[in-house]
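Taking the form predicted alone, here's one chain by itself in structure tokens.
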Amino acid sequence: MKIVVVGGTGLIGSKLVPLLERNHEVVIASRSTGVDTITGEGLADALAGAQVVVDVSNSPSLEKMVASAFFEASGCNLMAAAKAAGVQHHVALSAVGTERLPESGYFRAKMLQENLIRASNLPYTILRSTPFYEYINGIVEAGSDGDTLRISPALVQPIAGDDVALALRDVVLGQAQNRELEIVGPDRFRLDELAQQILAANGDPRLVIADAQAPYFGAILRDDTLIPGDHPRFAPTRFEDWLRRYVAQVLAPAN
């Protein structure tokens, strides 16, 4: 089976590609391989003969206009090329809570991407994930205010990037569901608690302040905004285990 991975050089794509390459023909579609979903350059050649397309690409910016322009252009070009190539299954990675964050420009752009997929008449599966452990540093820094960080205390069930890639592999190799699925980590935390843990691991002395009005990608979170529905898939990797490896692999060599 030929599988095209759009954004195959990113965090999740680079983890997914080796899982699929073991038994299938995999084409990485990214600017580095001559494929540009914004202009459409190289798409037809990349998708020729493909049975499945996996879109794990992301906007180069979280800013509303940039993200909307990216997902609209990329989505329209990708849907058209997939239809022309006779693709049988379109798989896309999205985020848990996307439909509950309309005040966030970035999440409105993600909803635009989802709507384009649903309206395409292509067989599809959208896998919505909770925030990746690997992105917690970035979420924390977004709340930086000098020597303090103001972080929402909303609940979240974060997940390891490796577990997202494994779930995507299973979706790719399965039948199109024509609906949204959810993949989440095994444990729930409050965002401010996660911030405290990652700062401690980094040896960062800044103070974390729980602030219900602190924005998350430009939106104010309710307690349950980022919580999955009733029947998500639970990933196995616990945050404490991931954090231990993060300290050993990323921080320790630098010390």
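The first residue of the shown sequence is 1; numbering continues from there. Note that the structure is a prediction, hence the values are computed from the model and not measured.
Not pictured, yet referred to below: the form predicted together with a small molecule.
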Item to check | Heavy atom contact within 4.5 Å of the small molecule in the predicted complex, the stretch among 218-226, 36-44, 204-212, 191-199 | outcome: 36-44
Checklist entry - Can you check whether residue 30 is within 4.5 Å of the small molecule in the predicted complex, heavy atom basis? => result yes
Next on the checklist: Given that the small molecule is not shown alongside this chain, does residue 106 nevertheless sit within 4.5 Å of it in the predicted complex, heavy atom to heavy atom?
Outcome noted: yes
Next on the checklist: So, residue 12 and the small molecule: in the predicted complex, are they within 4.5 Å at any heavy atom pair?
Outcome noted: yes
Item to check | Proximity of residue 89 to the small molecule in the predicted complex, heavy atoms at 4.5 Å | outcome: no
Next on the checklist: Considering non-hydrogen atoms and a 4.5 Å limit, which listed residue (67, 26, 56, 52) is close to the small molecule in the predicted complex?
Outcome noted: 56
